[in-house]
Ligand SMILES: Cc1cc2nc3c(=O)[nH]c(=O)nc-3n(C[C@H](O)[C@H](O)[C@H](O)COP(=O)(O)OP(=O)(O)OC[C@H]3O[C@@H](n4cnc5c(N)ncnc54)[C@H](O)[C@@H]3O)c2cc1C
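First, one chain by itself in structure tokens, the form predicted on its own.
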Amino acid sequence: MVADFVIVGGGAAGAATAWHLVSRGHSVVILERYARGHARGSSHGSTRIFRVSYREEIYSRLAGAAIPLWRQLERESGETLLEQSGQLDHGVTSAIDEIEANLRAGGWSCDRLTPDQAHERWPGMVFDQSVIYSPDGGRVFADRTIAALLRLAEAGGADLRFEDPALGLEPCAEGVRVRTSGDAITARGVIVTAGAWLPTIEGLDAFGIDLPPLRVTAQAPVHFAIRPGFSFPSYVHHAGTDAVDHTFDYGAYGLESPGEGVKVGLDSMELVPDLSARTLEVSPGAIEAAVDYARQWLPGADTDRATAVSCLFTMTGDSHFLLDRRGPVVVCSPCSGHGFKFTPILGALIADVALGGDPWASEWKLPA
């Protein structure tokens, strides 16, 4: 079989890239090692935080660039995928100062509040040191987004192959030969968006790809039922002073997920040394830690009613994204635990790189 591009991995980045490539008239095959809608990677679940409030200006700018593409995806799919229902950050004052400076420099609306003022507005939460509220933040619907992207890609002609992993990449005259469990695929280019499985893809070294050290962890966000009369915005709790703010600063994050309750995600992740041996079970300790946090900071959460899921974070050393090209092979993976809000703009950037563009020279300049 021959295709313009093969995408290895059908999560958020891979599905968004396929959407963009088929819209530009290219033939695409997606190879996904698990079943459609699986829960073994990093893209599953009902909701994710959407925020423009970062301590680093590049991510605020990328989130802003993603908004019109989220709206385009909604129009094409007929789905509600982004709700700008508000998002707040609280915690260490220096972190909140930096966030406020970036929001104001970018022209975003924001409200600086004291902890007492914030508690009066959101009585279901207790606030730490300093608070800033961003009405442009909110939530995106993860499972719904992946389903919409794959549906649109398929409607545009993409060949979606589930439970069919890429077994290896080989250089060939046409570009890349991709070995699969069936017939091999010859492609002009290959885009690897395999998340935690990136180091397991055979043949990357044949294209001069030398991966940086990656750290794969399992996180267990917990949903608590919401006590009557309370509601929650999306939130990030910056409890530490030394961490980078690509994910969160040694604290917590969460949001209200319709039908599930209020989510609590803690900066306490277990290393996953062997993906093949990983189970989806959540340790009692992870739930207990979330309960302890909610009892202190989320009085509107019913800590007697909790559910938890397991998901993977694949982190680079500095928690930035990995996006690079060597010859006909593009690697965009991982997103270091904070990529979902950028899904449609990441798909556009990856497609640009695969087609020979250079996002480092574009108006969306990425960190090198």
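Start at 1 with the first residue shown and count on from there. Note that this is a predicted model, so its numbers are computed, not measured.
The form predicted in complex with the ligand exists for this protein as well; it is not shown, and the discussion that follows is about that form.
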Quiz item: Would A66 count as a contact of the ligand in the predicted bound form, using a 4.5 angstroms cut-off between non-hydrogen atoms?
Solution: no
Quiz item: Quick one: is F340 in contact with the ligand in the predicted bound form, heavy atoms, 4.5 Å cut-off?
Solution: yes
Quiz prompt | Partner proximity in the predicted bound form: F224 to the ligand, non-hydrogen atom cutoff 4.5 Å | solution = no
Quiz item: Going by a heavy atom distance of 4.5 Å, is Y59 a contact of the ligand in the predicted bound form?
Solution: no
Quiz item: Is it the case that W197, Y253 and C335 all touch the ligand in the predicted bound form, with a non-hydrogen atom of each within 4.5 angstroms?
Solution: yes
Quiz prompt | Per-stretch contact check against the ligand in the predicted bound form, the hit in 205-213, 105-113, 158-166, 122-130 (non-hydrogen atom, 4.5 angstroms) | solution = 158-166
Quiz item: Which one, M315, C311, L323, A306, lies within 4.5 Å of the ligand in the predicted bound form by heavy atoms?
Solution: C311
Quiz item: Relative to the ligand in the predicted bound form, which residues of 86-121 have a heavy atom no more than 4.5 Å away?
Solution: none
